[in-house]
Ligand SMILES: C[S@@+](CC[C@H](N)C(=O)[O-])C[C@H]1O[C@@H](n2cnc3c(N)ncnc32)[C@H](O)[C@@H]1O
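Listed next as structure tokens is one chain, alone, in the form predicted alone.
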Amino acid sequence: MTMPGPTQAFWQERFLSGQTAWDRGEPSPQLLAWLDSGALKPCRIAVPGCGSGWEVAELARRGFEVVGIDYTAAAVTRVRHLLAAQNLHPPIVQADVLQWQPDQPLDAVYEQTCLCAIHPASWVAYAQQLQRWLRPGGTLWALFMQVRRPEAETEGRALGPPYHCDMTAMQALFPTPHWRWPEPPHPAVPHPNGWRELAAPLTRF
């Protein structure tokens, strides 16, 4: 059965045509804040849906054992060019995040624009993957995209990508029996295109 939502061809076309409005052209300021504060220290970490690779490069530069994962060949090529220009050599894997598995449990996952790019019909499967990837006590460093669309709310439709990651829905998706949430309010991270993300590091039990 084919799942709803953007296909691999959809993302390939976006990267080939440069339709990547979500791309800041630099690492997320929230990632830098977590790194500079020492909250996120060098460890084994994955970046699913790594896109152009800015965060992968920053983590590699700071000594993390990082792997970048993306669905499309064009994105993987773009990341590898960025890394080569900086003489960095972390592995970049072309894979479906709903299928990929690490060779051993990870200490951390940096989730920025992968969840909001996946159709909500696949969110439960993705959340289960993240739980499997992480060791007990590992951390999901998550940025939840806030993209409210009046037509989606009034008509009950899932519109995207990016899909709106309502925080009540996120707490149901990553429930407290399996994840420890920080106390709100969660830091808001402005996005150049007018969106914003809410930052919440979740600890896997």
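This structure is a prediction, so every number in the text was calculated from the model and none was measured. Don't overthink the numbering: it's just position in the shown sequence, from 1.
Although not depicted, the form predicted together with the ligand is the subject of the following passage.
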Quick one: does T72 come within 4.5 Å of the ligand in the predicted complex, counting heavy atoms only? yes
Answer for W195 alone: is it within 4.5 Å of the ligand in the predicted complex, judged on heavy atom distances? no
Using 4.5 Å between non-hydrogen atoms, is A121 touching the ligand in the predicted complex? no
Using a 4.5 angstroms cut-off on non-hydrogen atoms, would W181 count as touching the ligand in the predicted complex? no
Could you tell me which of 29 to 37, 173 to 181, 152 to 160, 64 to 72 sits within 4.5 Å of the ligand in the predicted complex, going by non-hydrogen atoms? 64 to 72
Within 4.5 Å of the ligand in the predicted complex: all of L130, W141 and F205, by heavy atom? no
If you look in the predicted complex, which residues in 11 to 37 sit within 4.5 Å of the ligand (heavy atoms)? W11, F15, W22, D23
